[in-house]
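The form predicted alone is given below as one chain in structure tokens.
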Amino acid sequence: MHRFEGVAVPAEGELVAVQVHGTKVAVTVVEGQVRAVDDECTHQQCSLSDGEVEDGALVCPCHFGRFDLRTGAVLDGPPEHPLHVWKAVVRDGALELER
């Protein structure tokens, strides 16, 4: 488990990025639940934390591929491969992530 003290948990639907041992992770809140996925799109490696959250999906800012934030599954192309989903919680005011 990786604990981030002082990292502001984003507001509902907003995105932030954190680094975990060299891996950039995109973090958001959807329906009150913290969600975290690898920040790199599986299509052309665009930063997903620069994208948008829409209806529980993360939309890539480069080619508008859509990923399910719960499962990492591709909802709409062009990406062909899912994202890795991290276990994410807020405990005692700190963000905790686990691969």
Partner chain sequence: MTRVVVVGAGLAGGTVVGRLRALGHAGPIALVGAEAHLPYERPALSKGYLTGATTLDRLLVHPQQTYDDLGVELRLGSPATGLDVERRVVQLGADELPYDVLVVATGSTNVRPPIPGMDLTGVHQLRTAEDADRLREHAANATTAVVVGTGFIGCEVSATLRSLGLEVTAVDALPGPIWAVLGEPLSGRVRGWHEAHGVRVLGGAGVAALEGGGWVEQVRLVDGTVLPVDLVVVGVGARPELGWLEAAPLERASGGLLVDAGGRTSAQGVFAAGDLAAVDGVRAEHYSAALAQADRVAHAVLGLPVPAIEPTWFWSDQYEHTLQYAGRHGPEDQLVERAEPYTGFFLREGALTAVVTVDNGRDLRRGMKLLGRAVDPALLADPARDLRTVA
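Keep in mind the model is a prediction, meaning the values are calculated, not measured. Residue numbers count along the first chain shown, from 1.
Just so it is clear, the following notes concern the form predicted together with the partner chain, a form of the same protein that is not shown.
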Site check 14, 50 and 66: each within 4.5 Å of the partner chain in the model of the complex by heavy atom
yes
Examine residue 62 and determine whether its closest non-hydrogen atom to the partner chain in the model of the complex is within 4.5 angstroms.
yes
Answer for residue 71 alone: is it within 4.5 Å of the partner chain in the model of the complex, judged on heavy atom distances?
no
Answer for residue 33 alone: is it within 4.5 Å of the partner chain in the model of the complex, judged on heavy atom distances?
no
Taking heavy atoms and a 4.5 Å limit, what residues of 16-46 are near the partner chain in the model of the complex?
43, 44, 45
